[in-house]
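Below, in structure tokens: the form predicted on its own, a single chain.
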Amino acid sequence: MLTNETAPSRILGRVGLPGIVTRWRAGQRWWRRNATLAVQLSFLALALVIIPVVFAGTFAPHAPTAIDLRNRLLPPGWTADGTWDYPLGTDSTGRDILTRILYGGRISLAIGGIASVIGLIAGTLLGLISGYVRGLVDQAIMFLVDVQLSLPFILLAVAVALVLGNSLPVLVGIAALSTWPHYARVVRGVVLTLNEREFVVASRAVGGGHWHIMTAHMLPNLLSSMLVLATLSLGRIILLESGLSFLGIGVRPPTPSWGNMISDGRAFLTNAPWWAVMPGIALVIVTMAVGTIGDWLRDITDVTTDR
């Protein structure tokens, strides 16, 4: 039973607000000490792109498929012939470029995020089993990894899309298929090292089961590596989706994605370059920001680095 001295309100009143303020200030000091200007700008750039993309229905000035032939191929609003009703211009059917970038970002980022999670789970599980069990299981899994990495992946993706179609689930599966070998190989290497560590040997000595050792001792030591790989693979998967859409086997029109917008606009680079350049800029910003953050996470989670 809670007494007056241990009532939740008294506990929160005694340690809640001061503790929050102290932790907030400590977090600010840590951030200023560890986050370089490039990292801070990367987080800011991601926020400026992702927030409007997530809330595209609020920020987008038009419908993504709305056609207005009277305003086709309008230049961006800051030019002499442009209008701020279409801030980034329009395409050959009068669709607003800014609106399609926002809605297309939803598709591109969703494919990248979901595929990264699937690849992370599958690659981590297979790499953990491979490095811990070893023997024939290890050889079989690493054989699959080597086969996957040796194949020209674009050709494999084209073949899969031609057979199964280019629906969103197929694109997510293709993207996940491209990333799991990288997770598996890294996890296997870390697990092979952890197998010889004192806490794992001690757990085996006292009768710890295999499942307990893998989940309680090895998996927590893999989290930092997996976090770094996830951030780095996200940008790569977004580029892969854009490449597939550029080749015509990605997201089907009229649904926008950054890749098919670049593909559609490449024929108008001389008289309407904004059609392809604007989604290309958004793609570059996201991939560079995610890559910079991934490098930073690798540095701050590397226990061998002196800071």
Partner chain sequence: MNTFSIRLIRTLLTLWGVLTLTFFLGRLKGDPVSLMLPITAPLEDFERMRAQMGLDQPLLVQYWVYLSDVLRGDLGQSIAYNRPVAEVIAERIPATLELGIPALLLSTALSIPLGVLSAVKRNRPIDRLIMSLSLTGHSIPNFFIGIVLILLFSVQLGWAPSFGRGTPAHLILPILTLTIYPLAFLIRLTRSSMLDVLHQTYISTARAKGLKERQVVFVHALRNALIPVITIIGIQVASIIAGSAIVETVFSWPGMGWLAVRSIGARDYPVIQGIVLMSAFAFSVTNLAVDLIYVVIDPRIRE
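Keep in mind that what you see is a predicted model, and the values were worked out from it rather than measured. Positions refer to the first chain, counted from 1.
If you look for the form predicted together with the partner chain, you will not find it shown, but the lines that follow are about it.
K.L.:
Is the gap between Leu136 and the partner chain in the predicted bound form 4.5 Å or less for some heavy atom pair?
P.N.:
Flag for Leu136 set to no.
K.L.:
Indicate whether Pro61 is a 4.5 Å heavy atom neighbour of the partner chain in the predicted bound form.
P.N.:
No.
K.L.:
Using 4.5 Å between non-hydrogen atoms, is Leu239 touching the partner chain in the predicted bound form?
P.N.:
Flag for Leu239 set to yes.
K.L.:
Is Trp211 close enough to the partner chain in the predicted bound form to count, meaning some heavy atom within 4.5 Å?
P.N.:
No, Trp211 stays farther than 4.5 Å from the partner chain in the predicted bound form.
K.L.:
Is it true that Val49, Val53 and Ser92 each have at least one non-hydrogen atom within 4.5 Å of the partner chain in the predicted bound form?
P.N.:
The answer is no; none of Val49, Val53 and Ser92 reaches the partner chain.
K.L.:
By the heavy atom within 4.5 Å rule, which residue out of Pro220, Gly207, Pro152, Pro169 makes contact with the partner chain in the predicted bound form?
P.N.:
By the 4.5 Å heavy-atom cutoff, the listed residue in contact is Pro152.
K.L.:
Ok, Met226, Leu98, Val158, Ile114: which has a heavy atom sitting within 4.5 Å of the partner chain in the predicted bound form?
P.N.:
Only one option qualifies, and that one is Val158.
K.L.:
If contact means a heavy atom within 4.5 Å, which one of 197-205, 158-166, 73-81, 105-113 is the stretch that engages the partner chain in the predicted bound form?
P.N.:
Contact-bearing stretch, as computed: 158-166.
K.L.:
So which bits of 267-284 sit within 4.5 Å of the partner chain in the predicted bound form, heavy atoms only?
P.N.:
Counting only heavy atoms within 4.5 Å of the partner chain in the predicted bound form, the contacting residues of 267-284 are Leu269, Thr270, Pro273, Ala276, Val277, Gly280, Ile281, Leu283, Val284.
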